[in-house]
Structures are given as C-alpha cells and as structure tokens.
Ligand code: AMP
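Next up: a single chain in structure tokens, the form predicted on its own.
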Amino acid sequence: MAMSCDHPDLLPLEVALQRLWDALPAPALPDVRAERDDPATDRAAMDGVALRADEGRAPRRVLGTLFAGDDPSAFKVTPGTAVRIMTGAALPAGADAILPVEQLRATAGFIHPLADPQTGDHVRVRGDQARAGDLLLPAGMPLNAARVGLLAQEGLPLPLRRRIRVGVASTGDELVPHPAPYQIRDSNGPMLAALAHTLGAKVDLRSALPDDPPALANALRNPGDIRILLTSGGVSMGEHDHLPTVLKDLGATILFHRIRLKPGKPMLAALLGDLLVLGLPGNPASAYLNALLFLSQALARLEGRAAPDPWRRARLTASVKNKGDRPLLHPCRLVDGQLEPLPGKGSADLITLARADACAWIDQGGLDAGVKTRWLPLP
C-alpha cells in the first residue's frame, strides 16, 4: 500500500481561514445612535390626499399639494378640506390619514373618497422606526452598503473605503518570456492579477522573482505601496523553496504553512509588519484556488466587510475518486444546476481549470454520482 506523504498536523481549511481573519485588523463601526426621531415627523407612505378620517366619504376641497421635502406649515387641514400629498412628504397639521390615489375620484378643485379612511392609514408615524438616542447598531459590526447608508442618514462621518492594493509576483528561475522545453512562461502572475482584480483589489503585477534568497528578501523588505503580496511558488519542500525561511529570517509572523487541501497543501500566510504575504503554491490550479479562498478572506477583513461565504451546493453528475488524505477541489462544469466533473490531470493542469466554472469539494475516498456536495464558483 502506498504511504501518504501528508502529515497529521496539516491545518484544515476552515481553521486556516479563521486564523487569517483573526490576524488582520479591520475597520469597524462605532456605536450608531439615532440623531433624531425616525421619521422626524409624520409622513405619507403613499401618494394620495391627506385628510381628516372622521369625515368619512364626504367631499373635500383641495388646498394644494405637498411633495417630499416641502414645508407642511403652508397648509392646515380643516373640516371639508384635504391636501394632495406625495410619498415621503410631511403630513400637514389637522390631517390624520392618507387616502391613496386609487381610492378617490377627483373633480374640479375637490376629491371624493371611494373608501372610508381610518385614522393612521398610510401614515409613517414620527419615531416609528427609532427615537432620538436609540442604539441602531452596536460597535464592531462590519461595514456593508446598508450600514454606510445608515451612517449617512444619521449625519455621521462616512468611512473612507479604498480598494486594497495587492502586489502579484511569481517566483522561479524557470519563468522566462521565450521558454526552452525545460522552461515555462509566467502564467500564474497574469492569472492571479486578473483574479485579484475580479475580487475587487487594486493590482500591481510585478516581474517574476528569481530563486535567490537575497533578491527575495529585498523584495519583501521593500514591497512598495501594497497591503498584500501574492507570490506563487517557493513554499514547498524543494531546495529552491526559499520563501518560508526568508520570511522567518526577516522576523515575519507565520500564520500557517501547509493546509489540508488538494490542491494547495503548501499554502503559506505570514505578516511582515503591516504586509500580508500569501505564499501560494506554484502549480496553477493550486495558486488559483488558494488565492480565491484566502485573498477574498483577507480583502473582506481589511475592508471591514463580513467574512465571505462562497460555497454553494449541487449534485454531481458522475462519481469522483479521491485517494488522498486531503479533501479535493475537483474542476467541474455547472450544467443545468448540477456539477459535471471534468477529467483533470492534477494541480498543474491549467487547461482543465480554464475550462471549468466550478470546483466541487470531494471528501477523502471520493463521492458517488447524485451526491450533493459544496462547490466554489470560479470567477
């Protein structure tokens, strides 16, 4: 029986993602309290007329029209009168109900109700959503678009939300523009730069780094204006895999190195001062999938968003074997809501990855056709 080269101390994916999340600082909201009653005055919830409900279906003389933002003090609803009013406009004095447009008939200067209005109909009452001083959001919540809108509504400073700048640099002496048979072009750099851009980062695609510890150390000491550095290659067990040692020599904090995932076991994450280094494996499928999982996590944390949950669920149309000790992300096509496995050839197979639009999570031992499993969309 073949022996596994995996180690029992490999970090599970969810643990690695959480460790990265916990290690990064995140902008977060302070307590958000209502600056005034919400709404600050009684408002119309529908287009119609503002009137006195106790007058039932009696005709009313129309005094004028109120639009959202108009000062309602220009009108006072007295017996036998009404004011045309638009959604969001403040209720004029004397009115206690809104009769919608659909429930009235208009003649020259008058309206004739077609239904019996009730006090409070279609009125957003002052303070219905919040009273001045109420706690609207507790401190520490992540940012999202609705919460930014709430800050604006309460007149609070808006967060300065810049896109995170990400540097991308492959490593390896074998990367050249015009390769001999024993060399290759740098496909990881452009691929990872495109993925980082898709995930919302500002991207700085850099030249490939040589397998040279001093050159690698110099690049890490002088990263420029980036918050995250994505590297690919140089994190496994080979003689030219220098990144872990160079990072340690520079005093970096290694968050984790090697995870229980196939492809992607050599994955490394480290903090060198304020710089987050995500050391991706060199094989393209490994680099892509690890970047998809870990870069999206880091960007969300640094931007103050909630942790992403990219996983979906669907059934396999065919069986997939997994003889290894690690869960496998297997390339698939999504066809009619089901996962159609592709005949992949391992973590170096960029062709199959490019043909896929999903990766299915395959537990140790494999999964049979028809089984439902979680999967990642591939942007």
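In this text, residue numbers run from 1 along the sequence as written. Everything quoted here is computed from the prediction, not taken from an experiment.
Not on display, but discussed next: the form predicted in complex with this ligand.
- Residues within 4.5 angstroms of this ligand in the predicted complex, judged by any non-hydrogen atom, belong to 280 to 288 and to none of the other stretches in 280 to 288, 114 to 122, 154 to 162, 86 to 94.
- Scanning A269, L175, L243, A201 against this ligand in the predicted complex with a 4.5 Å heavy atom cut-off leaves one residue, L175.
- A heavy atom within 4.5 Å of this ligand in the predicted complex is found for exactly one of V148, A132, M141, I184: I184.
- The closest heavy atom approach of Q297 to this ligand in the predicted complex falls outside 4.5 Å.
- This ligand in the predicted complex is approached by S170, whose closest heavy atom lies within 4.5 angstroms of it.
- At a distance threshold of 4.5 angstroms between non-hydrogen atoms, S236 is in contact with this ligand in the predicted complex.
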